[in-house]
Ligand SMILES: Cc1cc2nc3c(=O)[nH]c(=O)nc-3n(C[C@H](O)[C@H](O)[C@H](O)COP(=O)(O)OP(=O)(O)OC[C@H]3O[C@@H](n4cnc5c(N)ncnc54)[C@H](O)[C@@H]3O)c2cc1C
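Before any questions on binding or motion, here is one chain by itself as structure tokens, the form predicted alone.
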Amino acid sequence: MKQQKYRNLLKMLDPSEFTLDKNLLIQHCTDWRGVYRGDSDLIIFPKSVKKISKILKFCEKETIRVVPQGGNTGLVGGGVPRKNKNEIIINLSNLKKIRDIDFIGGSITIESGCILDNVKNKLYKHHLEFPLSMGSRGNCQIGGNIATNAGGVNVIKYGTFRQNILGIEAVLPDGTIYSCLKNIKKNNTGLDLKHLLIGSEGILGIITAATIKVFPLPNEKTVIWASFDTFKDVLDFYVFMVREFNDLISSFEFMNNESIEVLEKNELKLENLKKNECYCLVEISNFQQIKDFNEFISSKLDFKKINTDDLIISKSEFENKKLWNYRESIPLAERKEDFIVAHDISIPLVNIDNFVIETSKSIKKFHKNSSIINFGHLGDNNLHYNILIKNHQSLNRKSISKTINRIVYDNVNKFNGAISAEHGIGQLRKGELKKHKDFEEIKKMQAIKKLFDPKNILNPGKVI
């Protein structure tokens, strides 16, 4: 960067609020998976919302492009700059205050730079549960979670993040501070602007704080690990469990055999695991009215004629964490593989079995040296349908990925699903969005972007 270009901008900042250090900049210009590598000459770490307002007001006037960034744990390249585009980064990590916990209204007001796990641990001390949980909770930040409308593992119980956000504070591209952090669950006063900002991936404004619902901490949790011969058996088990336990279920996760093989290849094994084609993890909480839950669940499953030899039922919080760690380690194990074409899709449960059968058959026909690593949050229709390619030539990667994406996304449309369930669009799915989202919807999205950000300074080249 030519420092001269940003001289007036740097005058607004304390020396501790920015860096021009190339080594540090490289870390913030690369996404978590190392897929997207951009460049930038400046990263800013503002210490207040007012400072962000001043920065954006200046950037809008000078047409300086800005990439908002949280924990940089995204998987679609939405939080990193592009190459040779003269984009600066605004990182929210200094906005990390818990402003308020409302014990009567059941909410917490937190700034965007707060790390998810820190918020969960703080609430745990007050016997409260934060509605969001995911494998990256030790690094991801609340602002990024909101900007991508994060799902995670508890959607079946609490819904997506959008459903738990009561109010938002954000800085708009012209520097205007939009603040509506009311802790009220009913507010029928016209258009609700916060819902435009939630899931907007930083293209409409920089989210700086939010008021979010919290819940009583479950008194107890039990995790059930089950194995089945077919995916249809898993779906039958899902219907049975929902009918029997309904809102006691806080998570329902699915993994196929290839997911487990990737874990075992990385020397992570689960004791007493019975080998099978399909597995699921079910977490049930708040069953205090049942004296001996393990005996109770066993009797229910016996009645359903499910072989209890195919089950692992946790007996302690330590065992709960062990089973969860096994499930949550799949993405980390995948990273060690050389060539994976990843998908984050959502399919109606009534269609999901046919989607898996038909899509897997087409992919195997196209590339016989492929392995389908299929896992996800079955309770909310979300599959991470990832294809591991073996014995390939590096030069063919782009062509192979393009064909596999076409097969997968054409079938997502055929079975009435969505091409992104929780990761968002970012840079990765921008082209696919044009193909698979209704043209009129795209036009409305572009019009909203132009209304909020007429100079296109906020996260350009992302989403639309």
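Start at 1 and count along the sequence shown; that's the residue number. This structure is a prediction, so every number in the text was calculated from the model and none was measured.
Below, we turn to the form predicted in complex with the ligand, even though it does not appear here.
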Here the chain appears without its partner; judged in the predicted bound form, the stretch of 62 to 70, 42 to 50, 431 to 439, 408 to 416 with heavy atoms within 4.5 Å of the ligand is 62 to 70
Considering the ligand in the predicted bound form, which of Ser251, Ser112, Asn386, Ser259 comes within 4.5 Å of it through any heavy atom?
Ser112
Please determine whether Ser285 contacts the ligand in the predicted bound form, using a 4.5 Å cut-off between heavy atoms.
no
Applying a 4.5 Å heavy atom distance criterion, does Ala150 contact the ligand in the predicted bound form?
yes
Quick one: is His377 in contact with the ligand in the predicted bound form, heavy atoms, 4.5 Å cut-off?
yes
Tell me, yes or no, whether Glu201 is in contact with the ligand in the predicted bound form, where a contact means a heavy atom of each within 4.5 Å.
yes
Going through 192 to 219, which residues have a heavy atom within 4.5 Å of the ligand in the predicted bound form? Please give them in sequence order.
Glu201, Gly202, Gly205, Ile206, Ile207
